[in-house]
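Take a look at this single chain, the form predicted on its own, given in structure tokens.
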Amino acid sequence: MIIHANDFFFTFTSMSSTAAIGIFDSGIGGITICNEIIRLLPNENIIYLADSKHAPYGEKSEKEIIELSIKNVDFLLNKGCKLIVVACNTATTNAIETLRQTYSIPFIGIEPAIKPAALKSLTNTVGVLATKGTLSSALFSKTSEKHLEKVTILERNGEGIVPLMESGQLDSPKMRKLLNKYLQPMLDKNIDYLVLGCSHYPYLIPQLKKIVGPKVTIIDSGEAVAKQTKNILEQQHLLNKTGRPITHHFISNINTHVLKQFVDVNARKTIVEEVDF
């Protein structure tokens, strides 16, 4: 692997199937995606990068998001990753095209699963709970516009949700109050599907179900991302079939206390580490 860091030009002359899958997010949210990948690909080495120091990405400018995404990718490439999953809706919708143009490594992105919700909705009304950065992106607008003739899409910026989660307040009175505030207007307009547009949000599904009830189906993108990751590795002949011991390496750039709450720290193959990046 030859790396010219100054102009971000990368050429991969060879890549081992035992190299890790790299995954990054603005914090702990992408672990929901990571878990789906581990479930589908249990023989793969994983390096998960939590850029919690700069969370949430959803309140930042497109330029900032691209710069942070490049920084994260550089870190993972220097660890020898063979494929990178952008496990952040905001980073995907704002930066993935730049990343694909800049690097010659496969990227898997994540974006709100509007299409399946729009196709299945019986009330023709779909709710989307996402970050400001995702909702204001060109990619999200393009995806939404394809389905506006069939359904009404109710968007809501989940401002404040990610900071609460990153501070360990996943199931707290503040969180419940915020979720009720954001979801009740959608329920009043008869949504029957709720699309989660942030990788942090699947951790809230138990609470969300209590609010929206059994008539509303909640959709996230984790399983689809894992399947696409497997497909790309198969196409590139990079699936790890060696049977060698594997490692799941979780890295954060702030205190790992919250990260450890979402990771099986007792598993022999799991490493949790704080690194300044």
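Keep in mind that what you see is a predicted model, and the values were worked out from it rather than measured. Position 1 is the first residue in the sequence shown; the rest follow in order.
Below: the form predicted in complex with ligand DGL, not depicted.
Heavy atoms within 4.5 Å of ligand DGL in the model of the complex are found in exactly one of 96-104, 70-78, 171-179, 198-206, that being 198-206. In the model of the complex, ligand DGL sits within 4.5 Å of a heavy atom of V162. The shortest heavy atom separation between G222 and ligand DGL in the model of the complex exceeds 4.5 Å. Contacts of stretch 24-38 with ligand DGL in the model of the complex, defined by any heavy atom lying within 4.5 Å, are made by D25, S26, listed in sequence order.
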